[in-house]
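Only one chain comes next, encoded as structure tokens, the form predicted on its own.
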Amino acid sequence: MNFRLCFALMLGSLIGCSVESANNGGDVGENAVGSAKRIVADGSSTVGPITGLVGEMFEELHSDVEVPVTITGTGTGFGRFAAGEIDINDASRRIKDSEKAKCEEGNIEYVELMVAMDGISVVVNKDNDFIDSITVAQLKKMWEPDSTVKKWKDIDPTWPDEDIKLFGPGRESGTFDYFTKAINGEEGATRDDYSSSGDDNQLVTGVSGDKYALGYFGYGYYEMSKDKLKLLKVSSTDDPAAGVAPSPEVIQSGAYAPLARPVFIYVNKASLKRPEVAEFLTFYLGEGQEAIPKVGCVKMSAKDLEAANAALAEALK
């Protein structure tokens, strides 16, 4: 799999890079044509590019192993994971209690591994010349359920008398879950009259195509499209001037509050018994960490990386 090519296509028009359909994943660890070993991953559009590039790096060292990566969203991925269809779920949030219950029903034991940091980026059109920073309270007023905000001036009377065109992830997305909890105070709580998509590239296209648009998605998608977008600072106080723009440094430190977040992979413990899976995960948390900035995401701290490796070592015992 050439994930670099696939990720470039992702940034253009596709939902994600996939070498197999999410509907025909088969059993965990099902071999591909011939004797190739397969480590099957699905889930988050934020984490998927990391896993995909790490997979490509691993394949270059192990010609008999394939690492197909599908991107359907964190929630959809957890559904497949609980059904035993995949080895790894890429997740931009922690597993929910309801998903834990489904894993128990399916007799799926798993290990959670933090793999990187992300900062949900709030962006506007690159030609927007009236806003550089926004507060959490303003974002809440804009995105909360039953919001009456229609125009920019409804947030700030000094802003234009123009309709706000909102773009954001769909409900299958872990980014959606995290953003609605952080901004609106309740996971899943949001206005419904916005343009949603499970394809973050479509969100990039939407915001870049309308001067009065605003959207949110993972930092990596901003990094890969920064020539088309304007990144806003976010303030957790009532003072927009106190806003902080996401960058690798402030995301890793947690200073980009409240939208800095850890991201994860969840691994089926039964899959860990296969040598190629154990070796892949060891690689992921070692040399594979060099893939993270290449897809616009942020490395975790040395302390968090040490904790992730300790969790993997425990699971491999």
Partner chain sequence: MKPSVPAFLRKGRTRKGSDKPHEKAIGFLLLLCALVSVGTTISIILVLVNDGIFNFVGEKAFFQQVSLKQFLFDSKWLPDSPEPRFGIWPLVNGTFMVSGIACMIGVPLGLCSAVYLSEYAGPAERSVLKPVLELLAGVPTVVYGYFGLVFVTPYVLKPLFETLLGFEVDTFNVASGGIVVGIMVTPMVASMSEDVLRSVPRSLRDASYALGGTQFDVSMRVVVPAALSGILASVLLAFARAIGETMAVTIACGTFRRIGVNPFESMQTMTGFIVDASFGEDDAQGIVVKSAFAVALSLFLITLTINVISQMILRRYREVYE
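Numbering follows the first chain given and starts at 1. Please read these numbers as outputs of a predicted model, since none were measured by experiment.
Beyond what is shown, the protein has a form predicted together with the partner chain; the following relates to that form.
Against the partner chain in the model of the complex, the set 102, 202 and 209 is in full contact: each member has a heavy atom within 4.5 Å. This chain is displayed without the partner chain, yet in the model of the complex the stretch 166 to 174 from 135 to 143, 108 to 116, 166 to 174, 224 to 232 comes within 4.5 Å of it by heavy atoms. Although the partner is absent here, residue 75 lies within 4.5 Å of the partner chain in the model of the complex, judged by heavy atoms.
Heavy atoms of residue 158 never reach within 4.5 Å of the partner chain in the model of the complex, leaving it off the interface. The partner chain in the model of the complex is approached by residue 96, whose closest heavy atom lies within 4.5 angstroms of it. Though the partner is left out of this view, residue 247 does not reach within 4.5 Å of the partner chain in the model of the complex, counting heavy atoms only.
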